[in-house]
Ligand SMILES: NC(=O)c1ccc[n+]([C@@H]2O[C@H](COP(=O)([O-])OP(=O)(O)OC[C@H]3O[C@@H](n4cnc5c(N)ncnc54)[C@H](OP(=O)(O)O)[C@@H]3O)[C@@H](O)[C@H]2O)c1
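First, one chain by itself: the form predicted on its own, in structure tokens.
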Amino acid sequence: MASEFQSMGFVGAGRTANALAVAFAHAGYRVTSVASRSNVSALALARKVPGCRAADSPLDVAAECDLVFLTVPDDAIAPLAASLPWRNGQAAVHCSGALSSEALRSARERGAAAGCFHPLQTFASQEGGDARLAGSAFAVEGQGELLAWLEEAARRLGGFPVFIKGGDRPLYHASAVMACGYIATMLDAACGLWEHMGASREEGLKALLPLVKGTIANVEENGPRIAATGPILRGDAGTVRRHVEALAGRAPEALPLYCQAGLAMVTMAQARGSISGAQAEEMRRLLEPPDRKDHTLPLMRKGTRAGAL
């Protein structure tokens, strides 16, 4: 399938490039070159992939590869694509979650096919990212043979393709950020509360991680709305009041995060049917700042549809 794409290269040698290049090589694809602003990074990635070399510049990668992955920051994708000498029969693919293939318009105008290949996975370091790809979704976009190639590539890497419309990609990426970075942010704030109790963040993390893992297991088994637990889901206003008072007095930096998440949980609790309308209103009175009762986003206000979360 798409037999003209016989060799691939990467422009950018960050965490995503490291995960994909190594995974592609393990899956039997020919990864022949990589370029980066840092030649040290390009050399480090090339050493991990048999038959791959560190190219002198992105121009070299574009000149020798049939399929070029642009694994650079989002704001650099369009300018980089505009600077490269694309040709007919070639493909340009970026790995951004938030951008559509329109960012590669200049490549398409010069005869190349343009597409997107975004692994819905987190890579915290340069090492071991390829192992995380199995079971992951890949947001693919493209036309004709390139789209077929990208779909097959997602499956050969052990994942599965998902199809996101160009206009929906910012929403898709926001979903990914909420499910990954925001969870880590919430956990960081939770660990910080342990410092106010005379312990360390590390001690807090050690204590909380089994709870986090149990929650994720419950989410996987039952979905987030059933897996969620806590006083808001029970309608326990007294406990929520004590939380708010303790945070206001001892950890005010964590209070806005607690309240915003709590307001979203009130909406979820109503959708689940675990609290009454009167209980929901009481919770909102506790969680909304007294000077800004209408501060929350629409999805957190009374009357929001259950599917908004």
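Numbering starts at 1 and runs along the sequence shown. Quick caveat: nothing in here was measured; it's all calculated off a predicted structure.
Below, we turn to the form predicted together with the named molecule, even though it does not appear here.
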- prompt: Looking in the predicted bound form, is the named molecule within 4.5 angstroms of a heavy atom from every one of 239, 279 and 283?
  reply: no
Exactly one listed stretch (195 to 203, 142 to 150, 118 to 126, 227 to 235) reaches within 4.5 angstroms of the named molecule in the predicted bound form by non-hydrogen atoms, and it is 118 to 126
(message) Test of understanding: in the predicted bound form, would residue 96 fall inside 4.5 Å of the named molecule by heavy atoms?
(response) yes
Check your understanding: Just to confirm, residue 270 within 4.5 Å of the named molecule in the predicted bound form by heavy atoms?
Key -> no
Next item on the list: Decide whether residue 33 counts as a contact residue for the named molecule in the predicted bound form under a heavy atom distance cut-off of 4.5 Å.
Entry: no
### Query
Is residue 74 close enough to the named molecule in the predicted bound form to count, meaning some heavy atom within 4.5 Å?
yes
Assert contact residue (the named molecule, in the predicted bound form, non-hydrogen atom within 4.5 Å, options 157, 103, 112, 80) equals 80
